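The chain below stands alone and is given as structure tokens, in the form predicted on its own.
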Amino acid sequence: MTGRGEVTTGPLPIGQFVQLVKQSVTRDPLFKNQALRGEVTQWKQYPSGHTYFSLRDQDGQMRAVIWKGRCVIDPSIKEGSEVVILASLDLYIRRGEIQLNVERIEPVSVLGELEKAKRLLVEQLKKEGEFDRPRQVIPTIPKHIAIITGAGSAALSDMQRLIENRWPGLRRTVIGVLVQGPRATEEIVRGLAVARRLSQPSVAEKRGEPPVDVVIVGRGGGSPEDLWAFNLEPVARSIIASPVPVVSAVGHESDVLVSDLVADLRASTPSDAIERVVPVLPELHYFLDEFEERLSVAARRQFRENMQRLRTLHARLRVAPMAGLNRAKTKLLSLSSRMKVSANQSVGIQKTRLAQFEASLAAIHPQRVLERGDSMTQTADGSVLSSVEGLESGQEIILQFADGSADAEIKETHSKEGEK
């Protein structure tokens, strides 16, 4: 083969090339979960349960497929219908044809209007520069996490379990809200407002706990309509206004919501949010032990090197002319003094850093709070209680003290306003 460039490996087999194209197409996030609008043509539903059609407008068209059981198809959809689809790009290798794998299809009047509103909000936020604003950094060791999600949901259970596995007893406050339906937007905004209040040092001091320093807001998977509250402007504005970092953990990895675009960190799932926010306590202890060992080895090595330099200078002094003896002695004393100061400063700095790490760990350990005379109240399933809201007469609770625990039963609850 000839040309401007020399081919050294021979022609690429076409099947291998098609595989490379497929990998590039399917891995690019730009081609995943796209909302597309057009007219249905060549609509055909086969006995196998698969549905094939083309989506077109005046500027172009593309083949599409709805695999059996992938989604519910509105019976009103037919040849010539105007629809909106959620689909990802794929390549059919045997024919080398690019097609759309459809995850959802709706008449324009249903999903189309929602997607239009989402697109307008995204354009507005982008115009305001909200997508380009500096993001807040997630703390390396969070002291108090606020979790905003559905009370009693599977997503909350998964997050609670992961936290206990990674850092038992880590302080967290669960703010239960509705995450779908007509009131979901109002509830999520309320939850973010509560988290903002708990992040204020003055409020946290009155409660005898560290301020909230990171917020996780989200829910498990669902249909686009189920997740739509996280695409609405009030939720987006509340996330932007948060004084502490917010992690958006909504749905599955393929779901991209407006909350994901404005949050300080996007997690693909609620469980992924915990894995990215909560460190593993045993691993952190191992890191500190390893760091202390490295510090000790480095100090010993520096001492040996300094002693060798002193021996070398001492040997030179013994053979140096008498005229330079005083100058060499002065230099030796000065060098010895500087080396001692430098070594002490280096060791002191590293010991201070180590002490700070240990103090941080000790300060946030729940046992220290209990030893100061405080107690921690939990529900029967182990969730930490920070409010009387949701408690009922007759409910069993557990009181944790520094030297043990006690089972108790709620007799009566009173809010600060005196309401029962």
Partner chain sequence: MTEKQPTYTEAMQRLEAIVSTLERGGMGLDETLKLYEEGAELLRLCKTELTTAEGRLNELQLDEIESELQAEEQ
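Numbering follows the first chain given and starts at 1. For the two forms, the rigid core is made up of the largest set of C-alpha atoms that agree within 1.5 Å on superposition. Here the structure is a predicted model, which means the values were calculated and not measured.
There is another form of the same protein, the form predicted together with the partner chain; it is not shown, and what comes next is about it.
- The shortest heavy atom separation between Phe131 and the partner chain in the predicted bound form exceeds 4.5 Å.
- Taking the partner from elsewhere, Ser334 is found to have every heavy atom lying beyond 4.5 Å of the partner chain in the predicted bound form.
- At a distance threshold of 4.5 angstroms between non-hydrogen atoms, Tyr92 is out of contact with the partner chain in the predicted bound form.
- Put simply, Lys118 is far from the partner chain in the predicted bound form: not one heavy atom of it is within 4.5 Å.
- Screening Ala154, Ala299, Ile73, Ile349 for any heavy atom within 4.5 Å of the partner chain in the predicted bound form leaves a single hit, Ala299.
- For the options Leu284, Leu227, Leu125, Leu86, the residue carrying a heavy atom within 4.5 angstroms of the partner chain in the predicted bound form is Leu284.
- Residues within 4.5 angstroms of the partner chain in the predicted bound form, judged by any non-hydrogen atom, belong to 138-146 and to none of the other stretches in 138-146, 76-84, 255-263, 242-250.
- At a distance of at most 4.5 angstroms from the partner chain in the predicted bound form, none of the three residues Val102, Asp381 and Asp403 contributes a non-hydrogen atom.
- Of all the residues from 153-178, those having a non-hydrogen atom no more than 4.5 Å from the partner chain in the predicted bound form are Leu156, Gln160, Glu164, Trp167, Pro168, Gly169, Leu170, Arg171, Arg172, Thr173, Val174, Ile175, Gly176, Val177.
- Core-superposed comparison between this form and the one not shown: the Cα of Met307 travels 2 Å or more.
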